[in-house]
Every structure is written in C-alpha cells, then in structure tokens.
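Here we start with a single chain on its own, the form predicted on its own, put down as structure tokens.
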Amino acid sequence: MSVFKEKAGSVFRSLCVENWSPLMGGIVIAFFVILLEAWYRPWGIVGGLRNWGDWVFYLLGLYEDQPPHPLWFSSSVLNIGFLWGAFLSATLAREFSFRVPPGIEFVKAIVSGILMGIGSALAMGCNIGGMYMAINNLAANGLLMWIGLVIGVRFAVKYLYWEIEHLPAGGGFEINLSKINPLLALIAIVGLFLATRAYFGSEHDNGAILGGCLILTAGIGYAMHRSRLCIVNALREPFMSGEAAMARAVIVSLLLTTIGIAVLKAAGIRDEMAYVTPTFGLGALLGGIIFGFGMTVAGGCGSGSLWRVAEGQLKLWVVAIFFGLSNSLVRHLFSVYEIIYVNDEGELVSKWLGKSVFMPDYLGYAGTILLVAVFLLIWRILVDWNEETNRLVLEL
C-alpha cells in the first residue's frame, strides 16, 4: 500500500468512520450554527416538525389554511438538511440499520413524543430553539428553559429507575443493512449535491437562501451524528453516572455560538429580536420541565431524536411523529384561543406564557455575554465537581 493511499484511508476513517469527541462535535456544530444564522436565520427543529404535522391535519380536513410547502419553508428545509447530513454520516460509517425496540418502547415513544410536543409548544421551542439557540441569541427565556429542562430530566431519571425495577423490558431486534450502507451513502452524496444545485438554480425568490440552509444544516446533522452530541446526555448523565464530557461539549458550543451570534446582532447582520420569544415566564419554565421529562424518557431531544431517526432507530421515528403532531395541535389551539398572537405593533405576544426579554436591552451586549459566560462557568464547575464527587447522582 502506498503511503498516499494509507494516509487517505486514515483521513477517511477519522472523518467518516470513527466517532468524533463530543468537544470536537460541539465546536464544529457551533461553526455551522453561526454560519447559518449569518446566512439566513437561526437553527431550529420544532418549526419543521410542526410544518409536517400541520400538513397531516390539513390533509385530514382539521385545519382550514394550507401550510407552507415543506420544500419551500425554511424550518422544514433545516430539518431535511439535518436528517440528510446525519444519514450520510450513518451510512458512511456503516451504522445505518433498522433497530426495532421492544413493544413497551413504542408506548413510551408515543407518550414522550406527545410530552415533547406540548413542552416545546409552551416554550415556543425544544431544547434547541427554546434553550440552546435562545441562549446564544441572548434571549432570557433560554436560561429559564434550561432550569425547566434540568428539573424535568431529574424527574425523568427517577421514573426510569422505577421503570427498571417494575417494568423490565426485553426483546427488540435489528435489521442489519450495513452491506448496502456504502451504496446508500453514495446516493445520499449525489442527492445532496443535486438538491443543493436545484435550490441555487431555482427561480424561486428564496431558492439560493434555502440551498444554503440545506447544506449548512447537513453539516450540523453530520457533525452531531459523528460526535453523537446529545443534550439529553449532557443534562441526564450528571444525575445517573456523573459523567460530564457531553455537558462540557455543550457548554463550549454554547459559549462559541453566543459570542458569534452576539457579533452578528450587534453588527446589525441579524435582527436583534430573532429567537427572542414571549416565553420568559411560565412558558419557558413549565415547557422546559415537560419537554425535559419527555426527551429523557424518549432517549432523544429535538436534535437527538432526528439524528437517531437518520440511523434507523424506529423508536425515535415514532417519537418524532408524535412530537410534530402534538406540537402542531397545541400551537393551533394557542392560535385559535389567542394564547399567542400578533399585537397592533406587529409583535408576537402572549398573555400567559411570558414576556420577550432581549437581555442586551437591560445589560448591554458586553454585560449579557458576561452573564452567559458566568452561567456556563458555574454549569461547568458543577458538572466537574459532580463527576469527582457523584453528589448529584441519584441512586437506583
């Protein structure tokens, strides 16, 4: 074997086969998240799932208004790109197979998916749009949802321990497709190239913009699957094993994106109120608790569910379906009963969920970045301390 061939194989394995460290994943994801926000808009998961759920209810005749077309609606395109990137990562590493869980896991998937839909409707975002992207967009509701998520995760860990004792699950099987994974990877690469080219070559007003969204979120999905970065893991493991590597990766990713997006907003490249939702109050806190419980029982958060969908975990397919349907239904009811509405000034407001709080309005940009940095530093110290002492670990 020539040295060149040997080195090429080594590079391929390190980029496409071996798992990246969570820290590397967090940094690469931060890079694509900042690029995406500079390109067009903040990253999100729930809006796309809701769009797909809206179509289901519209086709069933329950909704009167036709939703935006999924291929021309940015939130939907973000999810398509994310799934595409994660699928590409899974197939290149020969990790895509259909994994069928025991029957009880399907029941848990339905219940947890519904809870995630309700929680994300209250918080107007999942752990990505309501917490990760809210914090780095300098919205106070992101910090409040983080508190809610931690509370919900802790309750869920107690439930999972109870389940282990009283409802032991067995069974499940895998339909191994590793032999055809290289072919699927080739199809995914060619398909992604053609789809991106079609968007950029389209005469549609947003064609080029959506083409950029597709390829950038494919990068996020690829990095997230390759590193198996998981916010459920980051929030759950301090209560289960004490392990903190995933939390440290999320903290670094949050710090990088907060600085990058603050620059975009301060420079006027992105609207200051982007992803600042009227949920600083009951919406972010209660939504975080419900979503945190649901995502821990599901075994995947907003983003984690989707990259597991892309590697063939059928439980998460069910979670994602009921997540999207329930979020669509609750947000539809919010609209009907004016829980969330647009006021005369054109602002999105809510009487019940909370206020829109853009932290630089109160602290300035420097003060807000300092506040977020202190929050992340305290989080980091807590998980490191707990990793050494296991003081927060719940006993089975």
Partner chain sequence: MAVNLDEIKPDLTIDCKGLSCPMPLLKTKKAIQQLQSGQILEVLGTDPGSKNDIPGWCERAGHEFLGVKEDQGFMRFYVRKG
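Positions refer to the first chain, counted from 1. Note that this is a predicted model, so its numbers are computed, not measured.
The form predicted together with its partner chain is left out here; the points below concern that form.
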Its partner chain in the predicted bound form: contacting segment from 130-138, 321-329, 180-188, 165-173, heavy atom within 4.5 Å: 165-173
message: Can you tell me if Arg99 lies within 4.5 angstroms of its partner chain in the predicted bound form, counting non-hydrogen atoms only?
response: yes
- prompt: Quick one: does Asn19 come within 4.5 Å of its partner chain in the predicted bound form, counting heavy atoms only?
  reply: yes
- request: Indicate whether Arg270 is a 4.5 Å heavy atom neighbour of its partner chain in the predicted bound form.
  value: no
field: is_contact(Gly242, its partner chain) in the predicted bound form, heavy atom dist at most 4.5 Å
entry: yes
query: Looking in the predicted bound form, is its partner chain within 4.5 Å of a heavy atom from each of Arg228, Gly299 and Gln313?
result: yes
task: Could you work out which of Phe155, Trp317, Tyr161, Phe73 is the residue within 4.5 angstroms of its partner chain in the predicted bound form, going by heavy atoms?
output: Tyr161
